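This document starts with one chain, in the form predicted alone, laid out as structure tokens.
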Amino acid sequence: MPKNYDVIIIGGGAAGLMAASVCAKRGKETLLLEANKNLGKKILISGGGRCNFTNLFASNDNFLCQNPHFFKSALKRYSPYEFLDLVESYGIEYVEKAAGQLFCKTSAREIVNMLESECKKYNAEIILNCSAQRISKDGETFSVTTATDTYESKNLILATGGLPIAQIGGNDFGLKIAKEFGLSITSVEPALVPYKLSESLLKKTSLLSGVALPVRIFNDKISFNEDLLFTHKGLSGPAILQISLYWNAGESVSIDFLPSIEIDNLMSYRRSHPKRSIDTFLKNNLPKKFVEYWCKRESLSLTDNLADYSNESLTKIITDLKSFTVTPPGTEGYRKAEVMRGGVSTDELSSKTLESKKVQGLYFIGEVVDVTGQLGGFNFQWAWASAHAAGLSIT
């Protein structure tokens, strides 16, 4: 006879572990099923193995969703500081890199261990190497069938993540279950992902592989001041990952390679150094390799004195560097994407509890939901907040 629980949670990542700990702490008989042999695989590889576990400055502007109001309730009810309190209670040392971005000082393993300890402290049952193969509902009871057993519960939480990084378990299981229960799905795409470049452009930029520089990257929706990295496949770095969240196939993005320089800076430099060349000025503000590439691309003379250039010519040089436009033919896909954009439509879920409006007792949390954060710890904060909201509502 199947064992019955108050709640079954499928997925032992960030959202699943958080939900299990919240449910168990409230005295609910809780079962967590994880398909991998280890918990929190995505946590472990995030942030270069040190996990950017939250952002102290998380606000509504850091999240993308077809319903821009949906995520506000959960985020308001569980702030970054509340998760930080939990981290500090375990004595985990952390560092703040960029403004608000908190990373483990030593290892992301500490976050996984903390969440697992919270689950065990309150007697949540965890089963590893256990894939749900079929889910059904009869009356008020969900049945979850695995290769060896069937488990039942009144409530079911899907914390299955999304499609990125299949090698550590990324899949569309949660999306399939949502469809089976009649819930709609928004279009899904890889996000926070590097761009590919066209073959013709890549041939010219290949020598720049490994070169990084600060830029302002923008489109008609948003702009970011972050670092850009040239790679052997195209463009990466925080600037590219950020803008990719707001990009659709066929669209262009613009890059300002001189975000802190204006034409007046060059004019002033010419007055002080009229006999110097344009590449000397550029090398004071840009990596040498990039300047060599750009001067060749634009056929800029390396021997002419700045005094020989007209104001119009110098203005064009700076303008071109501040508004370089590229139309990527695509991204590097889910293999390199940090998150999935889109997912279970928020029209189908309660913003307060993350419960399905159609199927009582069915919840979706974390990445599988159509809520995606920018780079910088925001997606983990959504995982904690959405899991907390669902966990508190389990009856």
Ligand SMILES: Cc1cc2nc3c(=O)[nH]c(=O)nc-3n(C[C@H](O)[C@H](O)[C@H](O)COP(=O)(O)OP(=O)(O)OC[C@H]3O[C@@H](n4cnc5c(N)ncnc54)[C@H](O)[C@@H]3O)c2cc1C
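So that there is no doubt, residue numbering starts at 1 and follows the sequence shown. Everything numeric in this text was worked out from a predicted model, so none of it was measured.
One more form of this protein should be noted, the form predicted together with this ligand, which is absent from this view; the next part is about it.
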Exactly one listed stretch (64-72, 38-46, 353-361, 22-30) reaches within 4.5 angstroms of this ligand in the predicted complex by non-hydrogen atoms, and it is 38-46
Exercise. May I ask you to check whether residue 131 falls inside a 4.5 Å heavy atom distance of this ligand in the predicted complex?
Key: yes
Practice prompt. Report whether the minimum heavy atom distance between residue 51 and this ligand in the predicted complex is within 4.5 Å.
Written response: yes
Check whether residue 168 has any heavy atom within 4.5 Å of a heavy atom of this ligand in the predicted complex, and answer yes or no.
yes
- request: Would you please decide whether residue 157 lies within 4.5 angstroms of this ligand in the predicted complex, comparing each non-hydrogen atom pair?
  value: no
Applying a 4.5 angstroms cut-off on non-hydrogen atoms, the residues of 1-28 near this ligand in the predicted complex are 10, 11, 12, 13, 14, 15, 16
